[in-house]
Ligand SMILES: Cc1ncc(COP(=O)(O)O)c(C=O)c1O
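Take a look at this single chain, the form predicted alone, given in C-alpha cells.
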C-alpha cells in the first residue's frame, strides 16, 4: 500500500484515540539495525527504538534466526504445558536480576506485568493499598491507568480504589518548591506522609520506575530510593520496581536501572526491550514472595512465556552479553549526554537535560527563569528532525520533554549523526521561538 491508502484505512478502521506522531503520520515498512524506512523509501535514524523496545536494533540477524527456527518447531503452548524456552529464560533472568529475585511469571506487556506485581503484593502482604508516584506511567488497563499519575493517560476517568499518589522526585520542577540537595530529599520523606494520612497505615506496595519514562525521563537523586524503600518496608509494604523502560542495560553500567540506587526490589517488572520487539513481559520476585500464590487461586497466561517470544528474548540477551551492553551503553551514553549538554549551552529553549545511559530527556521551556513548558517547540522539533531523517520520542506531563533512546547497539557514529541533526533542528526551533 502507498502512504495515502494506509492512512485512509487507519482513519476508517482503527480507533481515533491511537496516538500517532507527526503532523503527517509516518508508515514504516522496513528496519535494519539503527535505521528504518517508510513506504516511500525515505530512511530514518531511529533514536526512539520503538518506544525503547528494539533493544539490539531492527531485525537483528541472530534474533531473527532464532525466531525463524522456533517458528518451524512449535509456536504456542500456553502456560499449562512446560517448555524449554520458558524455563531457560526464567533461569537466565534469575542470574541477571539483582539480589534474591529468582522466580518469574511471564505475560505479554508491561501493563500485565505491573498488574501481576500488584496482585502478588496484595496476596503476600494481606494489605490492599498501593503507593504510586505522580507523573508515573504503568500501562493502559483499568488498574494500570489508576496507578498512572498523569491525567491525560487515564482514559474515561478510570479509577481503581486503594491507590494513592505521592510527589515524585522531579528536581527540575520540585513539587515541594525546594532545591536539591538542600531539600534533604524531602520528596522521599513525603511518601511516609502519604502513607500516614491517606492509607490505613499498612500498605501492600510502593510501585515506581527508576527513571520515569512517559513522565519525561525524570531521574531521582541518588539517595531517593534508599530512603523510600526503608519507609515502605516499615509500613509492611513491598517495593515493586517497574523496569519496563529502564531494564536490560538501558541506563548503562548495570543490567537494571534500580542498581544505580543500590537497593534491591522485592518485585521487579520488565517488558519492552526483553525480546527486541516481540510481545513479552515478566514479573520476577523472591521465592518466598512467589510462594504466597500457592493456593491463592487459579491463574494461567494463554500467551505468557510463548516459545517464540522466549526464543527471541534468549537470543536478544545473548547479543547483549556478547556486546557487554551495560558497559557499552555507559560509554556511548556518556557521549550522547555530553553532546546534549553542549546543545543546552547553545540553545536557551532547552531548560534541562537529564537521564542515564541511552535514556536521555531534554525538557524544552519558553524561558529558563520561569520554566514555562514549551510543548509547541517540541512539536516543531519533531517535524524538523523528521525532515532531516531522525526519529525521536516525546513525553512529560506537560508534553514538553524530548525522549532520546536509541537501540542499545548505537555507536559513536550514530550518536554523532543524531547530534548533528538535533543541532540543526534546534537552531531552526530556537529562531522560531526566540
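Numbering follows the first chain given and starts at 1. Predicted model, so just to flag it, every value in this text is computed and none were measured.
In what follows, reference is made to the form predicted in complex with the named molecule, a form of this protein that is not presented.
A.B. asks: Just to confirm, residue 285 within 4.5 Å of the named molecule in the model of the complex by heavy atoms?
C.D. replies: Residue-level check for residue 285: no, no contact with the named molecule.
A.B. asks: Within 4.5 Å, heavy atoms only: does residue 277 come near the named molecule in the model of the complex?
C.D. replies: Flag for residue 277 set to no.
A.B. asks: Quick one: does residue 244 come within 4.5 Å of the named molecule in the model of the complex, counting heavy atoms only?
C.D. replies: Residue-level check for residue 244: yes, a contact with the named molecule.
A.B. asks: Quick one: does residue 137 come within 4.5 Å of the named molecule in the model of the complex, counting heavy atoms only?
C.D. replies: Contact check for residue 137: yes, within 4.5 Å of the named molecule in the model of the complex.
A.B. asks: Select from the listed residues 89, 258, 214, 312 the one whose heavy atoms reach within 4.5 Å of the named molecule in the model of the complex.
C.D. replies: Partner contact (heavy atom, 4.5 Å) among the options: 214.
A.B. asks: Work out which of 103, 293, 199, 111 lies within 4.5 Å of the named molecule in the model of the complex, going by heavy atoms.
C.D. replies: Flagged contact: 111.
A.B. asks: Taking the partner as it appears in the model of the complex, which of 67-75, 181-189, 138-146, 346-354 has residues with heavy atoms within 4.5 Å of the named molecule?
C.D. replies: So the stretch in question is 138-146.
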